[in-house]
Ligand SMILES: Cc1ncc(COP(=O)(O)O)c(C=O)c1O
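Heads up, the chain below is alone and in the form predicted alone; it's given as structure tokens.
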Amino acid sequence: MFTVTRPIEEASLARWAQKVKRSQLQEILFAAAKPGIISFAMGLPAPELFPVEGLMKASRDVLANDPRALQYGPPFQPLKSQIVRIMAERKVSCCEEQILITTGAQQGLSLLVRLLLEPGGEILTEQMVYTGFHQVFEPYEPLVLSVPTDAGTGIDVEAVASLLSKGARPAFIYAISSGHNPLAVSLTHAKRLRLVELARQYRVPVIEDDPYGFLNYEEVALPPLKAYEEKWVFYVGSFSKILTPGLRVGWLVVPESLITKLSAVKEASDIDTNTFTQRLISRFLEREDLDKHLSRLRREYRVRRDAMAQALRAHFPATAKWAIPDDGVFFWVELPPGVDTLALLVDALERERVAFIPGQAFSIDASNKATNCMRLNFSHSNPELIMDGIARLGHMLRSCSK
């Protein structure tokens, strides 16, 4: 006797899973990957700047001399020690016992949110934030307290202070301190100090998402929030933007007392981070000059940043607004009211073969949908493609205004 089963789409999924959709970023990634598209959409590093030769040498060495590299294994202690030294370059004092190696920064965010947030709890973040963070917290269906962001100085810390003073006790504050995704702004020194002061005063953790902190274009880079507060700032770092994203290795710096619990949460997710890539990165860091590589990235990305700024000035409407970022890989452009960048994207892909991310993809607050804004990436395309792509978008904008 056969049993007729319901189609999977009619099965009893968890409530949060019934609402799950692929993010706009993923949809655009597929469209932008088509041949002939100039893509300013994703936060992709430049593949021609990947340290391929050094990684090949390290790979051969690991495979030839390290029999445990292809086996299950605990976090690789030498890599933890190297991360401690990397963090010291950012003025963060920590030890190996505070480091958790993760499968990219995205997993680091997911682990921290899972550790800290009760279903239906409360979180505090900016009105416009990285879409991957949306995906991390949405299954918990929290109450989201959102605050504005100043285009020149970063998160409105006095709005944060006001919420906390009125009794809000979120599970955490989410902050991108340098090269904000998508707003491309970095927190001022005064705001960094004020935010960690609030975290300390009200005993509310700050999850500091810092994938772009090593990509600074000023002579002196500001230290991350973690440099100012050991206990209440949980730092999320990544090798994706500074080596290559395909290796999928990131790290957390948290109080030592949390490492055991985070390790247990991580084990339930993926057992352990790729053993081979941990050892590959460690061998690369041991034998190659990371500072030299980072200097090259900063130099090349500065040229691309300046090319995009020049192209925007030449081709976008005089009423468009943007700032030249000091860190990271994005421009945030505000177009005149009435421009719908989601509709513009459809035309841009079909007519001009150019991709970007509409501002509304990042909105948490219904009162600030940023429908006339766009995020543009400058790290992935060379200066010639940047000039060409921005000229094409400018042509479309001029056509729309007629």
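Quick caveat, the model's predicted, so the values are computed rather than measured. One-based numbering along the sequence shown.
Same protein, other form: the form predicted together with the ligand, not shown, and the subject of what follows.
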Next on the checklist: Which is the contacting stretch out of 208-216, 275-283, 161-169, 318-326, given heavy atoms within 4.5 Å of the ligand in the predicted bound form?
Outcome noted: 208-216
Checklist entry - Of Gly154, Pro224, Gly104, Pro142, which one comes within 4.5 Å of the ligand in the predicted bound form, counting heavy atoms only? => result Gly104
Checklist entry - Among Lys266, Lys241, Lys80, Arg304, which has any heavy atom within 4.5 Å of the ligand in the predicted bound form? => result Lys241
Item to check | the ligand contact in the predicted bound form: Asn181, any heavy atom under 4.5 Å | outcome: yes
Next on the checklist: Test of understanding: in the predicted bound form, would Tyr130 fall inside 4.5 Å of the ligand by heavy atoms?
Outcome noted: yes
Next on the checklist: in the predicted bound form, is there a heavy atom of the ligand that lies within 4.5 Å of any heavy atom of Ile176, even though the partner is absent here?
Outcome noted: yes
Checklist entry - Counting only non-hydrogen atoms and a 4.5 angstroms cut-off, does Val196 reach the ligand in the predicted bound form? => result no
Checklist entry - Using a 4.5 Å cut-off on heavy atoms, which residues of 81-98 contact the ligand in the predicted bound form? => result none
